[in-house]
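Shown here is one chain on its own, the form predicted alone, set out as structure tokens.
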């Protein structure tokens, strides 16, 4: 047995922190994982999921060889095949489809299974060269980003490490325990030392509520109405910074004229929040010198999601907090400029004709297209659309098509992989090289390959190089190794990276993470240099109230994160799944009484597109007439359809984003 070596690496999953890790390596295996004390964000703390990352890496459930389907689609019947046979089968199919139907009959499906740049984005170069359809990747928080950009342009918001300068924290629609663990830890320390106040606004307040001074429950999708009412109070009570708004707010005069109609009494009827609570919140916010709003993404996952965010960002401007250190917004991008020249990875120059755009939230509809528009082949990597994309039943109907050739590059037998014609075994992050841009903090990191991939598992990069060779692509890009691609990125630094010290550049080259400069959130980067109440590029140019849509189903269905999983990842971990327990929905005691549902009772949640069986749990931290589903489950673990079977494929007002929190449902007691 050889000695253990300790190596730096980075968490590859969809989380704002991109935590730095220390991996103990012995005899070609990871034997222990802990936090990297040198990491600028996670030096003191990592989540419980990654403390035993080695259990996933070395899981006996991993797919270790290419597989080809031997039974009906969805049956899970496969037989092993060689990489040569798999690549030949795939490329022969794609060559034939390209001739008969055109290359846009081929659709890639990728999202956040790996958040690093090379492995996540290299497929774009391949599919650009192929001329395939283009996947619009707006599954998560694109409406949030679009709403922020509508007001602030390219202005960077607060990095969480700047929150030390804030004197009041308003957590708006974010469960910090599941999505911003390091931020929560720092806020708790701040409160112990300075008694800074922390208030939570959400449709589901637990478990973050236990760390807050006050909790305000809000009806889903009505956040914009609350923001308007708060601005109304600030303006009517002389608490607004009128000089700041008039000098720096583009379109403020128009907005100010309509503000009187958005009273707290008006908002009470819409949001369910008492008018006095709204007034009190506005006054507390105005009393702070540098209040910070920590914004989650759930309130943007509605048809009015972009407008909700626009109004929240404008509310922050009303007291002039934005112009002070620690005052403003945390939760969008704090980065001012690019850390990686992404065109070197994605190679948009390879595409000779514009690609047909298909939104990831509407894949089920795309798979139902017929004739010349039909999708004839689906290539899935870094994604599990059956469990994590809307309209689960429609998705499965599409995947069951005999004329759809589906390839899945995966580490485990996911619900999507069950419908594949060819499965390719994928590598873990510690088995490949990559560079990571953190999207919640200003950090940049490099992670080197630490151990060999088991069996015949291959990285995305190596797989696309094999596919390119099979297709006959001769560009030198596809002859590079991933090590050479990483070296190419580091040798072509962006302006931000060029400003790093020699020591920091050496840290990246050796495999480590560095802190990048925070954006100056006071430097408003719009065309006019002013934040915008009026944005002519939006469907509704002047920011104002946009209601949620009425629906025949009375209950709001809302998805919230869970500390035991990230998207549909970690279902291989029995320890985490056991700790999570049954697939539950949370409802308020008032809603439970209305439907005569007891705590722990099986229920059916249903609407016009699906029906899902859950265990009901009562929680007084849930807004009335709201059904909360925690985390993403797999059909295998649930034994039935899951949350995704209840979500429509509609898009947000701006940003083309998911509206998974817009869906309405009914609930009833289930027959045992």
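Note that the coordinates shown come from a computational prediction; the quantities given were computed from them, not determined experimentally. Residue numbers count along the first chain shown, from 1.
Heads up, the form predicted together with a small molecule isn't pictured, but that's what we're talking about next.
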**OP:** Within 4.5 Å of the small molecule in the predicted complex, counting heavy atoms only, one of 505-513, 109-117, 594-602, 227-235 shows up; tell me which.
**Re:** 109-117
Original post:
Among 16, 174 and 427, does every residue place a heavy atom within 4.5 Å of the small molecule in the predicted complex?
Top reply: yes
Subject >> 4.5 Å heavy atom contact, residue 275 to the small molecule in the predicted complex >> reply: no
Original post:
Is residue 638 close enough to touch the small molecule in the predicted complex, meaning at least one heavy atom pair within 4.5 Å?
Top reply: no
**OP:** Would you check, heavy atoms only and a 4.5 Å threshold, whether residue 49 touches the small molecule in the predicted complex?
**Re:** yes
Original post:
residue 443: heavy atom within 4.5 Å of the small molecule in the predicted complex?
Top reply: no
Subject >> Contacting member of 271, 460, 150, 433, with respect to the small molecule in the predicted complex [4.5 Å, heavy atom] >> reply: 460
Original post:
Can you pick the one in 420, 135, 364, 139 that has a heavy atom within 4.5 Å of the small molecule in the predicted complex?
Top reply: 139
